[in-house]
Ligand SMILES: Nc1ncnc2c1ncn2[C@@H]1O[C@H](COP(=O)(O)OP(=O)(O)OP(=O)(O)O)[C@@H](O)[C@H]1O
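Next comes just one chain, in structure tokens: the form predicted on its own.
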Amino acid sequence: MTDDASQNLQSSSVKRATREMYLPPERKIVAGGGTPHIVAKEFSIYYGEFEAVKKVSADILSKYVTAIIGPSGCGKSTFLRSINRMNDLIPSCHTTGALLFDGEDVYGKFTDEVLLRKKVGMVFQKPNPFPKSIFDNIAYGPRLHGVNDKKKLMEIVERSLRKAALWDEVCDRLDKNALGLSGGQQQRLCVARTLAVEPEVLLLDEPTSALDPKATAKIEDLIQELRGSYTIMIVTHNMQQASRVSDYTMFFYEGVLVEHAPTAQLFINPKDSMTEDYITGRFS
């Protein structure tokens, strides 16, 4: 074997070892097939004339966790927010192509945005509890959708807080202002508030970037608890986090979906050299 060939083999082994470091043993299994829940077909998003997301085609499978990674400004959050039409709040934003949710066009003229956002809930980068009691934060959505019976609301509040692994911490102070909770508790409260209206999809836009490591671990544990019950999509800059929590990973670069694959495959054996360069830290 020549020196060059030996160096190339050694370099390849080092890269593979680097990628495998991200995957805990139980996550090194390639995810199986599933039913598409969200389907993008040549889907582009524009801010004015600027094409922020470029002709993305992908199937997001039902009841799996999909992570979205890539450098800052590559279109990750823009794509995520398009799924429940949060980008509609930006006047210059418009789309081309198709984005389907349960086979229906998200941007169709007959789409009910309120119903869409009930089915596709979202948790943002920074916790944003309402300046109300813990109880009223969780009950807000159900009340908005016509639930007013106090017993029913209490059942929803308890169920949602339990799903968000927060009930035991707040059950004796539901009447207290939610702004008095810690940052990690506030973020789990926001998850519970989203779950209270029984969504099918949970969108998480960098949900732990403002949290300390302990609170981050609780959010990741929560994602593991919710997997299999919801279709979950999470935007993250943390590749270790993506590998820990996701079944599938999408890698975006400059608005282009470079690669979309089972997480184990994408981290250990990416098909695109740009994916490998990003994962191994050649650029960020």
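Since the structure is predicted, the reported quantities are computational estimates derived from the model, not experimental observations. Start at 1 with the first residue shown and count on from there.
The form predicted in complex with the named molecule is left out here; the points below concern that form.
Only one segment in the set 221-229, 64-72, 35-43, 243-251 has any non-hydrogen atom within 4.5 angstroms of the named molecule in the predicted bound form, and it is 64-72.
Out of the listed residues A52, V258, V56, I60, A52 is the one that sits within 4.5 Å of the named molecule in the predicted bound form by at least one heavy atom.
In the predicted bound form, the named molecule stays beyond 4.5 Å of every heavy atom belonging to Q185. With a 4.5 Å cutoff on heavy atoms, T78 counts as touching the named molecule in the predicted bound form. Contact annotation: I90 falls within 4.5 Å of the named molecule in the predicted bound form, judged by heavy atom distances. In the predicted bound form, the named molecule lies farther than 4.5 Å from every heavy atom of D136.
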